[in-house]
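One chain comes next, on its own, written as structure tokens: the form predicted alone.
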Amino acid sequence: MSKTDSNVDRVYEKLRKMAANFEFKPDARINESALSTELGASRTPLREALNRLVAEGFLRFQSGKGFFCRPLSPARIMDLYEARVAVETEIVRLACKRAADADIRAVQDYLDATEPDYDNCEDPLELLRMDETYHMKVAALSQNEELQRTLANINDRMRYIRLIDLKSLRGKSPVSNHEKAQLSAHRIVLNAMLARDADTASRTMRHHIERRLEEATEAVRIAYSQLYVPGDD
């Protein structure tokens, strides 16, 4: 890897994290000069990194106006949820056909190891990490690298809202009251895969994802309060 490529990757990774966490306000124009100074990057690697983030859906570009942060709205979040449903239901259908029993049981072993921590965890970020890990392990069972890559991108673009949703959920009652149902869905999916029951696996995965979709509007409202009113939880 050349020094130029390495510098682009460094800038890209930093900007990607900033965009995922909405350190740029929704729909706000990106100040390239300020970013160049902040990141210690010249115009060329900065522009290349920004263009990569446009291609991935984290930023948008308007000709003659520059780069802007992606919007944050219930409609956009619904788009992501619907895309995730489409991707993950196809993932489990393929996994039912392609995954070896031993590989499915390895994911079951992951659940065995993490369920106690998941049930008692006080950190929403760690809860989200464990959930995403499960879903990416299931995605690997599909043996389709494009679907895995697409799901990883969707996860990254949804993470900010999903984290807020988890925090809100935990604020209403203990995590165990809500998340045991989720973990049961995780197991039902894997059991259906072992039985090669693609209909049950995909139906369960669809319901598992869609059950939080109705909370998208509230999560976006909370997100705006946190982004524009510092210290407001």
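What you see is a predicted model, and the numbers here were worked out from it, not measured in a lab. Throughout, we count residues from 1 along the sequence that is shown.
The same protein also exists as the form predicted together with another copy of the chain; that form is not shown, yet it is the one meant from here on.
Peer 1: Going by a heavy atom distance of 4.5 Å, is residue 206 a contact of another copy of the chain in the model of the complex?
Peer 2: It does: once another copy of the chain is placed as it appears in the model of the complex, residue 206 has a heavy atom within 4.5 Å of it.
Peer 1: State yes or no: in the model of the complex, is some non-hydrogen atom of residue 131 no more than 4.5 angstroms from a non-hydrogen atom of another copy of the chain?
Peer 2: Taking the distances in the model of the complex, the answer for residue 131 is no, it never comes within 4.5 Å of another copy of the chain.
Peer 1: Within 4.5 Å, heavy atoms only: does residue 9 come near another copy of the chain in the model of the complex?
Peer 2: Yes.
Peer 1: Taking another copy of the chain as it sits in the model of the complex, is residue 157 in contact with it (heavy atom to heavy atom, 4.5 Å or less)?
Peer 2: Although another copy of the chain is absent here, residue 157 would touch it in the model of the complex, with heavy atoms inside 4.5 Å.
Peer 1: Any chance 56, 143 and 147 all have a heavy atom within 4.5 Å of another copy of the chain in the model of the complex?
Peer 2: Yes, each of 56, 143 and 147 comes within 4.5 Å of another copy of the chain in the model of the complex.
Peer 1: Which one, 107-115, 92-100, 121-129, 159-167, holds residues whose non-hydrogen atoms are within 4.5 Å of another copy of the chain in the model of the complex?
Peer 2: Stretch with heavy atoms near the partner: 92-100.
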